[in-house]
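A lone chain, given as C-alpha cells: the form predicted on its own.
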C-alpha cells in the first residue's frame, strides 16, 4: 500500500462539506455565509462592531476550518521526515483549540503514518469545543479521520495557566498566539508574552515530543513569532523547524521583512470560492507562519544531513522571480557569514536538460548545495543546476519512520 504523504496535503474531500454542515445542524445560504465571513474577517482585523457569537462560529466552521486545516501538514511532514515523531500511540494537547483545525489537521496528516491515542483540547470558548466534538464524530463516521481517538475538551483560559500535566508527544498552538497577545501594543511585548506561553507548553512535552506553533502569515504575526524564536533559543530550547540554523533571524534586521509559508495549490474547496469572493477575501492558497520547538536538541537540518562533504541545506523563503534569462529567489540557512540569508540567481542558459530548475522551487522547499557556491561576502550567490538539488517532502522515506 502506498501511503499518502502529509505534504503536500490532498485537497479537502467533498465529504468534508457534509461533515461540516452536519456539525452546524442548521441551514445557511451562501449569501448569509458570505456576510458572516466578512464580519468575522473584520473582527480579525480589529475593525467593525460586535456581531452574534453564533454567526462567528458559523463563519469559522464552514469557511476558516477548511482553509486552516491543511496548515499543520508541513510541520507534521518535517517531523516524520526527520524520524523524530514517536512511533507509540500519540498523546496530543491542543491549546486554544477552537474548532480543532490544527488537531484534526494533525489527524488528517498522520493518516497511515502514526496512531493518535488521545487529544486534549483546551479553549475558553465552550461552544467552539462542543462543535469540535461534533465535527470529529461526523468526520470519523464518514471515514475522513481515524476513529477511536479519545477526545477530551477543557473549557478554560490557557493563557492563565492550569494546563493539563501531560506529558504529551505533540503540543499544538494553532492560530491562538495572536489571540493571546492581541492586547499588547508592540511586537516585542507580544513576543515576550508568547514566549512565556511557549515555555510552559514545552514543559508539558515528553523528552522526545514537539511543540507546533501555527500563526497567521501576516507581517505582524510572523515577526512576533520570529522574536519568540529568538527568546526560545536564548532559553535553551531547540528550534527544529522551519529554520535550518540557530543564529539570529535575518528577518529581524528590518521591520519590513518577515518569513511565512504559502500553499499555492491549496485553494479553498470549490464550494467556498464564491463565498470568499462575495466576502472580499482571497480563495487562493492559504498563508501562515510556523515554528516547531523541541527539548532534545534534535533538528531537521541534522536529520537531513548532507549526503556528501562540502554540502549544506538551505530553505527557499521567497517565491522565485523569473525574468528574461534568469531566476532569482532568497535562501536561508547556515551560511558562512552572520546573515543566514542570501539572494540566489540561476541563469537559464546554464545546465540545459536539467529536470528541476530554481524556477520550479516553492517557498518552503529545502535545497542541498555546495559550500563553494554559498561562501559569500555579499548578498548574492550564483547557482548552477549541477551544484544543487531539491529535497522535497512529496514522499515519506521508509528509513525515516
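Quick caveat, the model's predicted, so the values are computed rather than measured. Numbering follows the first chain given and starts at 1.
Same protein, other form: the form predicted in complex with a small molecule, not shown, and the subject of what follows.
Handout entry: Candidate spot 327, 359 and 391, all three touching the small molecule in the predicted bound form (heavy atom, 4.5 Å)
Key = No: none of 327, 359 and 391 comes within 4.5 Å of the small molecule in the predicted bound form.
Exercise for the section: Select, from the options 183-191, 94-102, 267-275, 80-88, the stretch whose residues sit within 4.5 angstroms of the small molecule in the predicted bound form by heavy atom distance. Expected result: Heavy-atom contact with the partner occurs in 94-102.
Handout entry: residue 123 within 4.5 Å of the small molecule in the predicted bound form, heavy atoms
Key = Because a heavy atom of residue 123 falls inside 4.5 Å of the small molecule in the predicted bound form, the answer is yes.
Problem - the small molecule contact in the predicted bound form: residue 176, any heavy atom under 4.5 Å - result: Yes, residue 176 sits close enough to the small molecule in the predicted bound form that at least one of its heavy atoms falls within 4.5 Å.
Handout entry: residue 158, heavy atom within 4.5 angstroms of the small molecule in the predicted bound form
Key = It does: once the small molecule is placed as it appears in the predicted bound form, residue 158 has a heavy atom within 4.5 Å of it.
Problem - 4.5 Å heavy atom contact, residue 35 to the small molecule in the predicted bound form - result: Residue 35 lies outside the contact set for the small molecule.
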